[in-house]
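Coming up is one lone chain in structure tokens, specifically the form predicted on its own.
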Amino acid sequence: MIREITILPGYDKNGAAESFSSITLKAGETTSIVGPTGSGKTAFITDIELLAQKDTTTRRQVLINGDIPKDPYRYNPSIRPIAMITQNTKCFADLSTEEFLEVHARARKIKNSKAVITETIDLANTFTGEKITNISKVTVLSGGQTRALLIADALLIGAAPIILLDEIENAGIFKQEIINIIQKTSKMVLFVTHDPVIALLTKKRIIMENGAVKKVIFQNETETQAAENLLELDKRVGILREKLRAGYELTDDSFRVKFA
């Protein structure tokens, strides 16, 4: 069982040593990675995804439960404890969603895979307004549908204890639903994000600058309240977005008052 991972410092883009001593992330904890474009956010979670051992460009080291991870954890896909879903995730196999998930379920040696596949597709459909069916071809899913399916797959079939999500807010998916589901699990989840709602909803915030960790901020009561206010606004924007996608026009006063 993975109780925690520890990231040991490496070097920034100029070769200067990072100033933190270590960062420990625990099971059941949500963490956001924030900073301007090019600040090193994706490199940070890539180090975690690779369980880096001073063998990446940042020269960071990642420990599991305080120890150096064994090679199978790093190199055997069937038992890797980490699922990473990026901005550029795309499926190339010409399979239906059911067939695609069945392949993963077999690799994970899951019994009664039919039930878990149905549950996975149903969960994915709570994350996206574009319905996914069991016969939908994974090669023609939209970016939002693909990421919704892969997140649901990571939660239910992959059962990965560590999930890395790279800018999911850009995929046109219901991020509030994903956060709500994730916060009810015991998984360790990291969000690379520019979204203030996601950043404020996570328990810990890692600030990146010039390829290095600048500081770590812990959520406080003021931020929790701000997150709730922003989440309400974000929900209203989400409803408006879906109405516009469905062809509604903002000409009816009775419609507009819902967003006042």
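Since this is a predicted model, take the numbers as computed values, not measurements. Throughout, we count residues from 1 along the sequence that is shown.
As for the form predicted in complex with a small molecule, it is not shown, yet the points below apply to it.
S.K.: How about G38 - does it come within 4.5 Å of the small molecule in the predicted bound form, if we only consider non-hydrogen atoms?
M.R.: Residue-level check for G38: yes, a contact with the small molecule.
S.K.: So, in the predicted bound form, is T30 in contact with the small molecule at a 4.5 angstroms heavy atom limit?
M.R.: Residue-level check for T30: no, no contact with the small molecule.
S.K.: How about T57 - does it come within 4.5 Å of the small molecule in the predicted bound form, if we only consider non-hydrogen atoms?
M.R.: Yes.
S.K.: Is K214 close to the small molecule in the predicted bound form, meaning a heavy atom pair under 4.5 Å apart or at it?
M.R.: Outside the cut-off, so no.
S.K.: Heavy atoms within 4.5 Å of the small molecule in the predicted bound form: which stretch among 63-71, 40-48, 198-206, 224-232?
M.R.: Of the stretches listed, the one contacting the partner is 40-48.
S.K.: Taking E4, K26 and D153 as the candidate spot, are all three within 4.5 angstroms of the small molecule in the predicted bound form by heavy atoms?
M.R.: Contact check failed for every one of E4, K26 and D153.
S.K.: In the predicted bound form, which of the listed residues (E167, E98, E177, E119) lies with a heavy atom within 4.5 Å of the small molecule?
M.R.: Spelling it out, the residue with a heavy atom inside the cut-off is E167.
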